[in-house]
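Heads up, the chain below is alone and in the form predicted on its own; it's given as C-alpha cells.
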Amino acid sequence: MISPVFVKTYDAPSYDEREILRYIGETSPNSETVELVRSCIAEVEAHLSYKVCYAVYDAQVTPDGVDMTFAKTKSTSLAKTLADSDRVILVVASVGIGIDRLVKKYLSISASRALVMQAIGAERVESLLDAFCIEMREKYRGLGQDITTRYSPGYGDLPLQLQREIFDALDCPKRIGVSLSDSMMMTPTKSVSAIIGISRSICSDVSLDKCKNCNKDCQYRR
C-alpha cells in the first residue's frame, strides 16, 4: 500500500523555559542565565518554521520484528511498543534551517549564546512533535482508538539506518525541505523522525465496566 503523504504547518507552540534550561544543564539557573534564554527566544522566533510531513502505514508485529509496509525491522523494542497496533504514523518534524544559521553565527561570537540557541532548537522541535501527537491522539480517540508513545530511529535497538526508508517513504526534501546525509543525519539539524503506533482499540475487552487503559468510565469503550 502506498500511503498519501500529508504536510502540516503549525503555529509556534508555547516555550518551555525549564526544558531549555535542562538542555543546557542548568538546574538552578541564576537571573542572568534566565535573561539570556529569554533574549535568545526573542531573537530566534522570526527564524523558525513549524512543519511536519506524515503518512499512515499498515503494520504487523511478527516473530522476526515489525513489518511496517514501507520497511521491516528486527527491533524488539519497537515491536513491544507496537504490540497492540495494526497501523503506524510515520512522521518527520522540523523547525527549519534558520536556527542552524544562528547557531553557526554565534559559535564565533558567543559560545554561551550558541549553546542556548541549540537548546531552544531542541525544545522547539520536540514541542512541535508534541503538538502533532496531541492532535493525532484526539483524532484517533474520536475513532475509538489511541496512539502509542513515539519511537525514533537510533533509540534502543531501532537502527539509525531506518532513516533512509523513512525519507524514501515521505520524500522529506521535497515536502518540508529536510535532507538526509550519508551518515543518516538530518539537515536542518533541528528535525526529528518518529514512528507512532495506532492501537486497534482503546478497550478490546467488552466485558470491562472500566476502560482497561485508564480504569475510568470511558466513552470509547466498545
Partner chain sequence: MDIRGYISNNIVYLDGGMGTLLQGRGLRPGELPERWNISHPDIITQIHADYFDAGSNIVSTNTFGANILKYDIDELTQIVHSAIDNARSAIALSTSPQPKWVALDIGPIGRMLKPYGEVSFDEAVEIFAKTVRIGVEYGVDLVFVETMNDSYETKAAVVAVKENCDLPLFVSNAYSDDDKLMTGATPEAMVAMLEGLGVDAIGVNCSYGPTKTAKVIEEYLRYASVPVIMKPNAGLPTVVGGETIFDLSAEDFGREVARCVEAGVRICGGCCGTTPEYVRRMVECSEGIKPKAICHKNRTVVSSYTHAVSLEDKPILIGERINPTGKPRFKEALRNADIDYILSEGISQQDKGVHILDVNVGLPEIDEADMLERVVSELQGVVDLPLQIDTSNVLAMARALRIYNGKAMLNSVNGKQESMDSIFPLAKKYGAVIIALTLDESGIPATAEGRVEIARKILDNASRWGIAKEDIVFDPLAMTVSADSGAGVQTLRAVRMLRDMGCHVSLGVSNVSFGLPNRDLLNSTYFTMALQEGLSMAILNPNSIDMMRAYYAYTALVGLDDNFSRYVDFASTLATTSTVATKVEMPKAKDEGDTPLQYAIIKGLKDQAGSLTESLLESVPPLEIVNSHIIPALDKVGQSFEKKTTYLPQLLMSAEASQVAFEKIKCKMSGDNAISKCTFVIATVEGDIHDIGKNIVKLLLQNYGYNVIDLGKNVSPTTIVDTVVDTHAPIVGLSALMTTTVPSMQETIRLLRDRAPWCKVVVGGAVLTQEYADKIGADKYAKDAMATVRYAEQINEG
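These figures come from a predicted structure and were not determined experimentally. Residue numbers count along the first chain shown, from 1.
From this point on, the text means the form predicted in complex with the partner chain, which you will not see here.
Should Arg101 be classed as touching the partner chain in the predicted bound form when contacts are defined as heavy atoms within 4.5 Å?
Result yes; Arg101 sits at the interface with the partner chain in the predicted bound form.
Even though the partner chain is not shown here, does Ser14 get within 4.5 Å of it in the predicted bound form, heavy atoms only?
Because no heavy atom of Ser14 falls inside 4.5 Å of the partner chain in the predicted bound form, the answer is no.
Closest heavy atom of Gly65 to the partner chain in the predicted bound form, within 4.5 Å or not?
Result no; Gly65 lies far from the partner chain in the predicted bound form.
Leu143 versus the partner chain, in the predicted bound form: is there a non-hydrogen atom within 4.5 Å?
Heavy-atom contact with the partner chain at 4.5 Å: absent for Leu143.
Going by heavy atoms, what in 9-36 lies within 4.5 angstroms of the partner chain in the predicted bound form?
Stretch hits, in order: Thr9, Ile24, Gly25, Glu26, Thr27, Ser28, Asn30, Glu32, Thr33, Leu36.
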